[in-house]
Every structure is written in C-alpha cells, then in structure tokens.
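Okay, so here's just one chain, in structure tokens, the form predicted on its own.
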C-alpha cells in the first residue's frame, strides 16, 4: 500500500528533457566548482591534495548513490529510477579517472615506473588502484548492447560494484589522518546496502510454496 502512495510516473518528456539533464548537471557541479576554484587560484595551500580528495570522494558518493537506486525503486515502486543508475555509475568512473590522472600527472610526473613502485609499496594505493581498475570493465559493459550480449553474466559482472565500493571506502579510511567520521559514515551506508542486497538475494532464491487447493 505504501508503494502506491509513493509511486508516480513522470511523463516521458519530463524524464527526457528535465530529470535526465538535471541529473547530469548535478553530477557536473563538482567539476565546474573545481574548474572555477582553479581559475580563481582558490584550491587551498595544497591544490593537488584538494583535487585528489574532492574527485575521489565525489566518485565514491556517486557509486553509493548508484547502489541506492535499486532499493529506492523497490521501496517506492518507481521503476523509472533505474534510468539514473547508469549515468551515476559513469560519472563515478569519470571522477575516479580524474582522481587517477591528478595522481599520475602531479604526484608521479607521468612516470609509469613510479606508479608501479607506489602500487607495490603502499597498500592504500594498491587498494585504490584496484578499485579504479575494476571500474573499467563495468564502464565498458554499461551499454544496452553489452548487457544483451552478456545476458546473465552481465549482472554477475556488475555486482563488482559492491567490491569497488568496499575498496574505495578502505582506501579513504587508510588515507584519513585524523577524523574518521566521514569514512565511517560511508561504511555504515554501504553496510546497509550490502544487508539489503543479501536479503534480496535470499528472497529471490527462496523456493515458491505450492498453493494447495482446499476444494475436493
């Protein structure tokens, strides 16, 4: 009954011309803000650290938002929300790519040997880089054509989103020096999403009880 009150279906034109562009705009606000701050020379005393932190955290937030789409759809009865899951995932990769490029260009001077040495010697870099690498196949296979081609394997592959989220949260926690409140908040939200995923999976595999008729 609750779903009936929460469910609504915006007209297709509203979704196409308002909600989708609005989502893109919201996802790009962080990029516009960073570009403006860079132009105004207002990235703080350590601009590279600011760029690294903001892009990494934005990627993590968008990943978590993308995982929220399914339970939000289930609880509200609004299946059209699924249309926003792919853009959120793609923007998460977009900011993760910027995050990596900032590290590659400004921290490692585009030297692959330094990057490989960092990955081998610093566990938090290993974890963060692993999360970024795992995002690449998900981005490549995010199209409708690839979903049809992979069929059942597509969902199994895209369940890696949970692994990526976990690695990203571990990466954030590892590089946090003082206040762990932010990392713990992301961890708590992610834990709730994992619990929901597990419960949903159990329900989907539960055998249906045969309904026996009382008629003779």
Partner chain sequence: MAKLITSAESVLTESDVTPEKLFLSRRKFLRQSLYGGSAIALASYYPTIAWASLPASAEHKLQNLKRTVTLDEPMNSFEDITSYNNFYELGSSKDDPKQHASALSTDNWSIQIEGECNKPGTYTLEDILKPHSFEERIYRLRCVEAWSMVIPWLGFPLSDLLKRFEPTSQAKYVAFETLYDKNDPLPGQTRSSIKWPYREGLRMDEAMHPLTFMATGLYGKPLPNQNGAPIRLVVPWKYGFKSIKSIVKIRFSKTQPKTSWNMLAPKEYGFYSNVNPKVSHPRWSQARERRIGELFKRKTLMYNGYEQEVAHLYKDLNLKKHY
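Note that the structure is predicted; figures quoted are calculated from it, not measured. Positions refer to the first chain, counted from 1.
Below, we turn to the form predicted in complex with the partner chain, even though it does not appear here.
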Select, from the options 72-80, 111-119, 136-144, 88-96, the stretch whose residues sit within 4.5 angstroms of the partner chain in the predicted bound form by heavy atom distance. 111-119
May I ask you to check whether residue 151 falls inside a 4.5 Å heavy atom distance of the partner chain in the predicted bound form? no
Evaluate residue 174 for contact with the partner chain in the predicted bound form, applying a 4.5 angstroms cut-off between non-hydrogen atoms, and reply yes or no. yes
Flag residue 159 as yes or no: does it have a non-hydrogen atom within 4.5 angstroms of any non-hydrogen atom of the partner chain in the predicted bound form? no
With the partner left out here, check for me: in the predicted bound form, does some heavy atom of residue 124 sit within 4.5 Å of the partner chain? yes
Note that the partner chain is not shown here; using its position in the predicted bound form, name the residues of 46-79 with a heavy atom within 4.5 Å of it, in sequence order. 46, 48, 49
